[in-house]
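Subsequent text provides structure tokens for two forms of one protein chain, presented individually as structure 1 and structure 2.
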Structure 1
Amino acid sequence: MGPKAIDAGRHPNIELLTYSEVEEVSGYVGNFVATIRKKARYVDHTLCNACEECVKVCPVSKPDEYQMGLSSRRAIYIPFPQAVPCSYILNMDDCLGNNPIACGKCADVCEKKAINYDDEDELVVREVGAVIVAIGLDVYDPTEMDEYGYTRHANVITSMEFERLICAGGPTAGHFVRPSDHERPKRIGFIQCVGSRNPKIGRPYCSNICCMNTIKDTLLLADHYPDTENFVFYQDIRAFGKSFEDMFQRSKETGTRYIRGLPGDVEEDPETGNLVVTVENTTQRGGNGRSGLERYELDMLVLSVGVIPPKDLAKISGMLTLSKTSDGFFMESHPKLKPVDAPTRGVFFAGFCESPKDIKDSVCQAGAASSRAGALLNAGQIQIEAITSRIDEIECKKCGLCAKICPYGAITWQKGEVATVIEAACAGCGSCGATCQFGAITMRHFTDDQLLAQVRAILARKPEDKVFVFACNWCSYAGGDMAGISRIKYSASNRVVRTMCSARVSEDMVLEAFRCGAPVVLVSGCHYADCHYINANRQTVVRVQRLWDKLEKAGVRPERLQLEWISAAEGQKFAKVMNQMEELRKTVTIKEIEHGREALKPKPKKAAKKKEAAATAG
């Protein structure tokens, strides 16, 4: 937190809780309850005047995390320049003056008596109407990619360490030197995409900021040290922002050489500490038409490391019931229409936790998130779509299964009591309605009777000629729209029933389709890791697997029921799947269809049997 935090702290409606951590968030939109742990500072910031006398007498020396371990700090220290509040923190894990007191020198010299070894963490509870998640990012640790020698060669550093070395507030006061001998490097190489765009290590995405960060670094070096030779090894330069291409051209004009190709080998000269880099320059062609291998001797090598989701992301995800993309970042409600809204109502995203982005985009997203939260709070009440679930108190058997599978925690239940729905928190996925075996849950506008009526109407005539499809509203149904808009040809035999989520499709709906003569049935939805309703489609998988077992036991080919994940952008895949389903339909015989009708007929329940027997006896 810096100068902007000071301005925020002066606002009468803003409460700053520094050196604090959110431990738990409960409730729902407009009624969140946050439990916050204010960590013990062991220094009273209202008394401390940052005189530095305590630092002078502290005997403990530890690597400074802010300076990337390139310098040391004391056990009592200010975490970083311009910290708010501007007072010291005592790290009790490093301090010698605790249980029993073995040192106590800082307390002895403190004239303000600001140091309290008995300080304790404090839990505070705040009721809030909206939550903005802005937990930042973590930087990729290149130790696992040791082909660049980061753990073996002292003069191989990361871009974060470069920032500290060239900064006026860094460990060398802005005098740029290399770690091995503290001499100024004259030939510096930069390797791009370290930890990004690499599926082998599970980081296939572009980190967005690395290219422009390196370009900025080369301009800084050219400004401070004009005689420095800079070499940038890259796959391709992504300078898509405003004036970014101009910066790229300025960097080349200063003499920076850009070599398209990533080094495959880094060796160190043991006498000089210089690094020899071997790279295949794909822009230079030899006489045989192949790229040529080039060797560069460098004084220092900078690894332009990518960004990764913050380490607290999993904790926050569980706390606020948020979903993640396959890249590990939080998933927004809609990438175009609601780019800062979380699927959970009343929660908004800002910054890197949603996706890699630069400062400008982070500031824009923060403004959008605060505006969305402000609009929500100023409204006083919220409008919800009329697709929420309702529970019949008479039919409810108090089993609590619906509460367990609700991805939003919108159903509350206690043992022996009827479950209740918090409509403000319900998103209408329908997973609870498909799970309930007693017909106690009604999904408004997507009731069982409505969906079953569609199944029967579609298959009332010539069912053997049709491919029956259940499609989720947000992805697979939209994928069909995309196929149509793109004018992609595919089989016209499919008949689609739209549901809000694939998890709304109950076992009875699928079985009813087979009873009505459907040769094949397709259940389709969002990609497994990208469910619009957090993780509701996991219930789809469980349900379909159970159906495959039932079909097999009934003597029906399980492959007649298919499960596919199709996103809204995959019109081509939608068409491909429909053509595959049509080919599968052609293999199903009339005899198989009739067998399925008979084998899957619902068995009469015990109560119905007793009633029928009593009527017969009477």
Structure 2
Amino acid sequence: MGPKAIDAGRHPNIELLTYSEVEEVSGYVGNFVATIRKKARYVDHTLCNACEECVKVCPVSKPDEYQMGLSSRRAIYIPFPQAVPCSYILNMDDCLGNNPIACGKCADVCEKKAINYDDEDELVVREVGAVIVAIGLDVYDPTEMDEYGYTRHANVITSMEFERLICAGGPTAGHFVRPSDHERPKRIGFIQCVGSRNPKIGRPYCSNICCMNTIKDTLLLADHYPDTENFVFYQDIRAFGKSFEDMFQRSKETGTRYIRGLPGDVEEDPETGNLVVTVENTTQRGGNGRSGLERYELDMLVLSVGVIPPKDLAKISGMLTLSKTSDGFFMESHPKLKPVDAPTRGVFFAGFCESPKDIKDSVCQAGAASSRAGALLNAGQIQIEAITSRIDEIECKKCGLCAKICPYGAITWQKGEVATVIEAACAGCGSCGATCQFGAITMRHFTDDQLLAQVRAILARKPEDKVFVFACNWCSYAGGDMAGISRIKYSASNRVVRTMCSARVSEDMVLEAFRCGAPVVLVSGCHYADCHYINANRQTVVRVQRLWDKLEKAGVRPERLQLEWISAAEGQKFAKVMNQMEELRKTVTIKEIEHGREALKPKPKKAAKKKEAAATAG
């Protein structure tokens, strides 16, 4: 990756801000404003020629993070080989002090006078049209899975530490030795899925890269040290990419033994430092029909650790109003049709932050993301759906609730000021319109009046025979279509009103349906993970919870209101729910419907009551 980074650094159209952190991003597609903190390096990289004289005199010794703590670095150092720019940085947390009297040796020997102890962080602002989020990954810390002895046994290492040990630029200059006695290990075990595919520790997903990384390591060992014996303990080997199966077969041909089963216990021989691994080999059957319990004595054990979402993900998520999957990675706009787009317009993903993937897939995604961003910027203008919100300045009571719940941050509001909609950022979910208690927000093409008129029209005749359904455009309405085209039979009593998102359905719309005599009402939308408006359907849940309370308070059976998540592929579920709703409808009596009509009538507000009383008195 070094040459690529150098190319990027030299490109006239690329400004590379290294050792920097994004502090804030505001604005919207085409008009983002990013505030970036350029951290103080204490070394002027334009003067530094990386002569290394400062390193020679620095008296500080700290574990080198890049070498996984297997070697040390000075307080002044280059973070990793091929860093761009190739210049030292001074870590002030490690430095003996920026007072030259305390130390100052590096400044004394620097001929270029590149060291500046008074350097300070700098905030820079950049206006950008699109944002590509490529914040990478973190590696799982195996200390919590101590059954493998990572914290207790010196010769149990992680796959990252293995990479450093076998690397020519590593702490041992590529001489592969084990930590306890610096002898070359001859019998090496690899345990797969450490921190992956394990719901018990909250990481049920596959990390995608570990199997192939281990296969690569076994081939590397077989090539460099043909006398080593390698053992891989696995639950599945996932070698599905181009040439991956071939690599797997080659690894087996070199003599690497693949044992299906994850070890339950790792013990250390205190005299030799060797490790005894007990594993249930599920491909071997014992005489009693049970799987075979096997023990292996190994010189070294490598934990093939999984990957986890980067720790900065939540911060970036807040800045760019992005949502996360249940695994904690960023959620794309659409898993199949828009795999590099974020739900927020003008934001794209590349690499691990979206989901675990290997280098090839990351490069593909990065290419796609830059193309998408380039196309957006070159177009010079964007097309948006006409379904956006509009705020009536007169009706707006300046409460700011709409701005708080907008999943896209498309509504700007200051205390005491009227809220305004940034139409380029508005995706048209309508949750603001359903939340506004003052009727100040109009959702174009799905106005309150239009939707209420549909409710009234549907329930104008024989409402007691109908199952009233609000369905979101993308999932549950499409689920109904799927049921239809799949020729699945279901009750014909349902009447569907389509909204773009279930969050568009206001409390008043549901109550109006009951007032018009609906025996039962269903609000349906996308599953949590499928919400097409980041997380707007969470507002639906809040609203339905509140409605259940209201119905109960009014003496109306809350069961008459139902909530279901139905995806576009769940035609079967749509049909099942419609049949269940029909069964529920049959249990609702005319008396109950009439009670609901009366009990849910809007109560006149206090001000209106007073006005009425004054008029009567007058």
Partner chain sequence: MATATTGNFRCMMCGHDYTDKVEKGEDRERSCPKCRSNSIRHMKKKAADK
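All of these numbers come straight from a predicted model, not from anything done at the bench. For residue numbers, the reference is structure 1: its sequence is counted from 1. Note that the rigid core is defined as the largest set of C-alphas that superpose within 1.5 Å between two forms.
In this comparison the chain labelled structure 1 is the form predicted on its own, and the other chain is not.
Relative to the superposed rigid core, the position of the CA of residue 42 differs between structure 1 and structure 2 by less than 2 Å. Relative to the superposed core, residue 417 shifts its CA atom by 2 Å or more between structure 1 and structure 2. A rotation of 10° separates the smaller rigid part from the larger between structure 1 and structure 2 once C-alpha atoms are superposed. Superposing the rigid core and comparing between structure 1 and structure 2 gives a CA shift of 4.6 Å at residue 482.
Relative to the superposed core, residue 567 has its Cα moved 3.6 Å between structure 1 and structure 2.
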